[in-house]
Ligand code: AMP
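Shown next as structure tokens: one chain only, the form predicted alone.
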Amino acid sequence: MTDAALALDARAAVLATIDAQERFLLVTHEHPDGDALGSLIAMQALLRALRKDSVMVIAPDDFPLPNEYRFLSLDGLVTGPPSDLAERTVMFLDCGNLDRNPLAALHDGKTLVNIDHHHDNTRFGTVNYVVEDASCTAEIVWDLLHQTGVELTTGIAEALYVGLVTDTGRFSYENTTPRSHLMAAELIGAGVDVAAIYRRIYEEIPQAKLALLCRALQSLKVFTDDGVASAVLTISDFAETGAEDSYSEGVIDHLRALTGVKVAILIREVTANGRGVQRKVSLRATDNEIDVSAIARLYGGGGHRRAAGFTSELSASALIDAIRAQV
């Protein structure tokens, strides 16, 4: 069976599940980004339009959300498993594997619907609808919206547009396709204010975020022999600038944009309860020559060919050396 036929079968299975079930619980990956939140919110609206009982769950540790996404409406959000969890079908959106969701109680013995576009998705669901050539998970939800006949309201369109514009890098990444622009055109036609969303995501920058960027650039190292650039943000960098953890979003793009860089590495320290300091590693590749998701998987992480990440207890210098060796 061809990939296209498999995708159609998977879509049919998702639609059949939505039709057959009445109660849903929607989740996404830890530290949700624009596509995670956009697809989550849009699916919530889709299910409610079909008169389904649906709630979204985001773990308490993922709050506060990044500043750029706080304008999104999270109607129907809870921060822990509801009392009737056993009666709900759990739907994962934009989540490549179960380890990327921090609420383990959601996984066991439930019907799991897995909707995603990551090429390294582990197909952990009872139903797996993984469309690797979709620009974002929001695009898959947009397609499901058409299949169900649910009206594309301005609220749904805004959520989908956030997922689309962030995961395509403002329509500049290689995952941008003609379909991406067709989707954008329809969303704009449904009432999306492009300029307003652009300002909310990319221009309303807290001063502490700019100060954190300065700290990252002060730590910049460029290894010209293998085309790697790295930066490190320590716990004290966050404390002294007053920056939230989410303020590191976008820092790595400055590294990736450097001339001659093939792989950018951003390492940021976080305090893990009872386990001391851990380091979250973000990887970006400038083209398809190097699959950074393959490097991330070596350390229990994952992602896309050109954008991936993982968490480690190794020192920053050890991590940089190990990643350079893989590159």
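What you are looking at is a predicted structure, and each value in this text was computed from that prediction instead of being measured. All residue numbers refer to positions in the sequence shown, first residue = 1.
Omitted from view is the form predicted in complex with this ligand, to which the following refers.
With the partner removed from view, the residue among S180, N128, T89, N97 that has a non-hydrogen atom within 4.5 Å of this ligand in the predicted complex turns out to be N97. For the options L319, V14, A307, L25, the residue carrying a heavy atom within 4.5 angstroms of this ligand in the predicted complex is A307. Residues with any non-hydrogen atom within 4.5 angstroms of this ligand in the predicted complex fall in just one of 47 to 55, 298 to 306, 254 to 262, 65 to 73: 298 to 306. Although the partner is absent here, R215 sits far enough away that none of its heavy atoms falls within 4.5 Å of this ligand in the predicted complex. Within 4.5 Å of some heavy atom of this ligand in the predicted complex lies at least one heavy atom of H118. When this ligand is considered in the predicted complex, R279 lies well away from it, no heavy atom lying within 4.5 Å.
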